[in-house]
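Form predicted on its own, single chain, as structure tokens, below.
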């Protein structure tokens, strides 16, 4: 009886040492496996010790960046007034739901029957800023479809990069999925030859814990077996990473598309040297849409700091979008008494608006209407003094 009481106290002490927890037992479920034998498990396995972090992460753009299309997901896309758009060649792309599946269909006048029909199988994009694009399977080959959903106007538009005439599909290569999934196994995963053919049953959607913390299976097993061990074991810790290692982890997806170097996609793991895997060199100034790390590295805040990295300002576990109070407070932590020669009264403490303004992307352009193309505005990560 006394041993049971002591054991109960130890378990209670362990659980209260976690940031949050649930007493519900969740079986460890394998949802994917890298050919190098790394096993991916469901993020719900982290709930028992990190419930708050898991719940917060599920609201982030990282987690929402890719997912299988379900019947519940399609309703918001079909609530717009017009579930179609027209191309300049008079092709009409129409979107509808049939038997809980979302379809893209292409029509030509008089728009009576489609000449092209594809199911929409995968959602790409969190839908929090620009919107969503969609992928479709053709046996084991994966393609992007021509229609995208533009969130600001709640309307269907031509997918970015597509011409203004009908083009049925565009192949999706591993480098695309390297930034939009935790893991995707191409059929020739060790080859330098590009392919858009994948093992459909070996894709881990969204960016979850394992993408940034490395393999977690042994970590979860250890702590379920050793309930009183409150020190994180068998998992990568960012506090042990150098500044460059921390930057490289984010730069894998936030330094532009780049080009893989002698290494297949999904070879890079946290703590590796990114330049051994990916070339992101460019002769032009980094673009605001895709190369936030490149712009940050041009900032004096970064150049003059020995420890600044992306997580100095961003909490990767939380959805902080549009939380200017929080971001500005992080500026003030390092610049508490900054003097300004001129300052608009309404922007007294809005560091971000002046020193990280919205800029037009040179590579991300969207065709909201068939007769106009607009550059997407994105907040620059080059922290600087902008005279305008």
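Note that this is a predicted model, so its numbers are computed, not measured. Numbering follows the first chain given and starts at 1.
One more form of this protein should be noted, the form predicted in complex with a small molecule, which is absent from this view; the next part is about it.
When the small molecule is considered in the model of the complex, residue 38 lies well away from it, no heavy atom lying within 4.5 Å. Not displayed here, the small molecule is kept clear of residue 74 by more than 4.5 Å at the level of heavy atoms in the model of the complex. Although the partner is absent from this view, residue 126 contacts the small molecule in the model of the complex, with a non-hydrogen atom inside 4.5 angstroms. Mapping the unseen interface onto this chain, residue 238 counts among the residues with a heavy atom inside 4.5 Å of the small molecule in the model of the complex. Note on contacts: among 108, 213, 197, 169, the single residue with a heavy atom within 4.5 Å of the small molecule in the model of the complex is 213.
Scanning 187, 229, 201, 89 against the small molecule in the model of the complex with a 4.5 Å heavy atom cut-off leaves one residue, 229. The partner is not drawn, yet in the model of the complex one stretch among 129-137, 89-97, 111-119, 187-195 has residues with heavy atoms inside 4.5 Å of the small molecule: 129-137.
In comparison with the shown form, the Cα-Cα distance of residue 32 and residue 259 increases by at least 3 angstroms in the model of the complex.
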